[in-house]
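Before any questions on binding or motion, here is one chain by itself as structure tokens, the form predicted alone.
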């Protein structure tokens, strides 16, 4: 089989199974097997695949037909223009979370104008995507990255070493803010916010493969956010701030919850490109 035929076959198989963006996913799988970029796939259409490569492609396509996310099959995903190792122990970073990083970077630049070295906590770091993105964008920052999962932190450690930010990012195992060794200037968190009643509507890719601990937010989706707010006293420096990612339609509830803990807080809801309130920025 030649490359062009393999790409067509994989695309058609995925499309018949109802896989969205079938052609893109076929390109990813085939490019992964052959070590080729998307451009190379189309500039060498007559390249022959070995029997081993063909069988490998069939195996990966079967995994995708079982609804295993392509990111887990490939073992990596892109976030904020950066490539990260991931596995089934870590949540797959979504593009909408990049807004959280963008706003954190903007805030950090304002805070650090005084010349001080800013300290940031990334709570529930998973594969380390947020913490490492911040470390690369803010070379002078000290970042603590916490997660309750030791397996997730192993992946985060691999990513820290790969991106050479070991000296800037300190990985800490524990529940939310509990393992922080000192108060920080900023807390950034993409915590689980899916309501219990919403799980039935999630895709098999999410329900069957992504870690439930990174998704389940309890009955109203705010369990983990509330836990973090309860832990907040003594964890933020004077004049500190925190940023949270929230789910669609949660803006009013989260604002009310934050006000119940911090009545004097200044709260701003920031919408993503789709007009959905996605990030809550809180100043204390």
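Numbering follows the first chain given and starts at 1. Quick caveat: nothing in here was measured; it's all calculated off a predicted structure.
The same protein also exists as the form predicted in complex with a small molecule; that form is not shown, yet it is the one meant from here on.
With the partner left out here, the small molecule still marks one of 158-166, 118-126, 132-140, 197-205 in the model of the complex; by a 4.5 Å heavy atom cut-off that stretch is 118-126.
Contact with the small molecule in the model of the complex, judged by any heavy atom within 4.5 Å, is made by just one of 191, 186, 111, 180: 191. Among 144, 91, 80, 72, the residue placing a heavy atom within 4.5 Å of the small molecule in the model of the complex is 91. For the chain shown alone, residue 214 is a contact residue for the small molecule in the model of the complex, at least one non-hydrogen atom being within 4.5 angstroms. Residue contact with the small molecule in the model of the complex: residue 97 places a heavy atom within 4.5 Å of it.
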